[in-house]
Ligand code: AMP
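For reference, the chain that follows is the form predicted on its own, supplied as structure tokens.
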């Protein structure tokens, strides 16, 4: 004989069900996140709520972080005529310009990494970038003579920095710099700094693939970053658990173009004047700051396996995806044990 359920039992069951629902909702609502368009990409900031941190405080912190990203863009964008970089690029031979400490430091650090990477990363690549952008728009490959002429203006040795006067000048007419390879990383680092100054201990800033993971996702779990398949956007082939580090992936995922039936990467080799070939498909770097990861990821796309030695000396970690016949292969550098989880060592194209 079945006994009837008591009203007390039904009440308890209802309470338990409601509690489970509330818990589930809290699990979904314990993260404050916002996405905005900035620096030519989608920037996303997430802040998990913690005891003592409510949504209003998290929203305020996120707004201030986005304000800082906007400020950095106004300083370093080559597409804004009023930016400090655009004014620098207007310098002619014999002219010099006093610049901010912030800009001086970032240019100085970029020049340092040009030396470390044997010219594979070089912010004076801008004349070549413009040449290939014009080629993409016109549908015509640049002539060898055009590439040679642009190459004459490329080289970090053409940048003259005077730390005493905080000035910059160029050794040749037509030299121009593009900090696009590090500006997103710098803006990401600055956004994290602003969040920390406000008192945020855990957050993630994702500037179109330039990611910094501050603290942890929760008390029991670090931030988890998925690296998507270079040729299958719906698939993730590698994951990383990250705390207080940057993760940057560079490659020909989407920023590529096709001319005369051939695929060209948006990354230009400053040493040859041509886009990097399709042998190196992508490079992912984990480092203590996003600027360094940015520079190393770009250099790896140019240098390939040779660049992995540099990663070891920089106390960073890296994984590159290279062509291996009709498949793709993952190769690594640095102390990656327990950090990179690769689902397939060889990937289909």
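Residue numbers count along the first chain shown, from 1. Note that the structure is a prediction, hence the values are computed from the model and not measured.
The form predicted together with this ligand is left out here; the points below concern that form.
Exercise: residue 240 in contact with this ligand in the predicted complex, heavy atom 4.5 Å
It does not: once this ligand is placed as it appears in the predicted complex, residue 240 has no heavy atom within 4.5 Å of it.
In the predicted complex, does residue 195 have a heavy atom within 4.5 Å of this ligand?
No - in the predicted complex, heavy atoms of residue 195 and this ligand never come within 4.5 Å of each other.
Report whether the minimum heavy atom distance between residue 246 and this ligand in the predicted complex is within 4.5 Å.
Close contact is absent here: in the predicted complex, residue 246 is far from this ligand, nothing within 4.5 Å, heavy atoms only.
How about residue 290: is it within 4.5 Å of this ligand in the predicted complex, going by heavy atoms?
The answer is no: residue 290 has no heavy atom within 4.5 Å of this ligand.
Honest question, do 39, 68 and 186 all end up within 4.5 Å of this ligand in the predicted complex by heavy atom distance?
Per the other structure, none of 39, 68 and 186 touch this ligand.
Exactly one residue in 267, 175, 204, 85 has a non-hydrogen atom within 4.5 Å of this ligand in the predicted complex; which is it?
Result of the distance check: 267.
Please identify the residue among 311, 302, 47, 43 with any heavy atom within 4.5 Å of this ligand in the predicted complex.
Result of the distance check: 302.
Partner absent here, but in the predicted complex, which of 230 to 238, 175 to 183, 95 to 103, 144 to 152 has residues with a heavy atom within 4.5 Å of this ligand?
Of the options given, it is 175 to 183.
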